[in-house]
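Shown here is one chain on its own, the form predicted on its own, set out as structure tokens.
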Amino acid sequence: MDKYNLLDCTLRDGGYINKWAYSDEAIIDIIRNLIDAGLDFLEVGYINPEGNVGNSTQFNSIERIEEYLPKDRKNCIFLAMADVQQFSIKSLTQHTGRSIEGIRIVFYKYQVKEALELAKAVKAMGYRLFMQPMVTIDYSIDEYAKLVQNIDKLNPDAVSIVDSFGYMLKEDFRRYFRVLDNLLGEEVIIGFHSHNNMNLAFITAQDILEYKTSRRLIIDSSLYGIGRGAGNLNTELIANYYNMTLGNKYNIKLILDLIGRHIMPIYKQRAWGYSPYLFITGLYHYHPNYAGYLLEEHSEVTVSQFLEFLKTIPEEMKTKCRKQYVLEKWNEFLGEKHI
């Protein structure tokens, strides 16, 4: 493993765009070619006991994933994500070496207790442990330090700084990085997962590749940036930037071929990427689904209306978002004649 490593999360985060409906052939082709392109880590999807059997990257078991993985993995490490809301300790099976090597546990601030219990079970079952505290910037530095100390007791492989809502500056990354660097064991990898609501993902990723540290680092990305909200850091961009600045490591042609075969057809059906609506959610620290859910049902909403609408959302609900709640609040907004 190199000092700087790229993790492609197309099959997992990209599923927010196509409801994880990748064909079996596409899953196998994407995995095979990303390995050949030199990617260091691949996140192949979610482990969800309620997931589908076939043609989906919502896998109903860890064993199911094995069917998609090639025998020759080269130096690539395979991971899947477990959401504490969807995955329970009862669903864990013993690591066999034939399926994924590690599990990434994703959790909100209010789910820390459940996440740590799941993390203990993941380690006990023989998997590599990767921790993903969502909306990292929601934690005060003291709160984050306490979390990191508890995670470090479990001997994780990696802990990521997660910019779930796409508004972290590189200075924010450095603040949380210092906490991790000071409190984690020397062998623990530090990762970065970003979203592109304010077009900051590539800027921060470039800074990370120039960061002076003895730590091994992981940067998450996806093909053409496919992912929730405005999408993620683009694999093709950060891989090419790595090649230009640190040495030729990643095969850009194979990455672009995958985009052409599998990602552009999805984009033509449902586009993602930067928009002024998502910029506003990032600027004022709202969940990006306030834009997604509202525009899904009311495409006529103007940028100015959306900005005024967000001002009616209570502070405690800014980072909590359900579609029914958004539409109810919109109807209230209309009833108060704010348009």
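When you see a residue number, it is the position in the sequence shown, counting from 1. Everything numeric here is computed off the predicted structure, so don't read it as measured data.
Another form exists, predicted together with another copy of the chain; not displayed. Remarks below refer to it.
Just to confirm the contact call: exactly one of 185 to 193, 146 to 154, 229 to 237, 99 to 107 touches another copy of the chain in the model of the complex at a 4.5 Å heavy atom cutoff, so which is it?
Every other range fails; the passing one is 229 to 237.
State yes only if every one of M1, S88 and L129 has a non-hydrogen atom within 4.5 Å of another copy of the chain in the model of the complex; otherwise state no.
So, no: the whole triplet misses another copy of the chain.
Heavy atom of R174 within 4.5 Å of another copy of the chain in the model of the complex:
Taking the distances in the model of the complex, the answer for R174 is yes, it comes within 4.5 Å of another copy of the chain.
Flag I280 as yes or no: does it have a non-hydrogen atom within 4.5 angstroms of any non-hydrogen atom of another copy of the chain in the model of the complex?
Heavy-atom contact with another copy of the chain at 4.5 Å: present for I280.
Is L118 close enough to another copy of the chain in the model of the complex to count, meaning some heavy atom within 4.5 Å?
Heavy-atom contact with another copy of the chain at 4.5 Å: absent for L118.
Mark Y241 yes when one of its heavy atoms lies within 4.5 Å of a heavy atom of another copy of the chain in the model of the complex, and no otherwise.
Close contact exists here: in the model of the complex, Y241 approaches another copy of the chain to within 4.5 Å, heavy atoms only.
Listed residue (V135, V112, M264, M125) with a non-hydrogen atom within 4.5 angstroms of another copy of the chain in the model of the complex:
So the residue touching another copy of the chain in the model of the complex, by this definition, is M264.
Tell me, out of D29, E308, E66, D36, which residue has a non-hydrogen atom within 4.5 angstroms of another copy of the chain in the model of the complex.
Checked against the cut-off, the match is E308.
Can you list, in sequence order, the residues from 1 to 40 that come within 4.5 Å of another copy of the chain in the model of the complex, counting heavy atoms only?
Nothing in this stretch is in contact.
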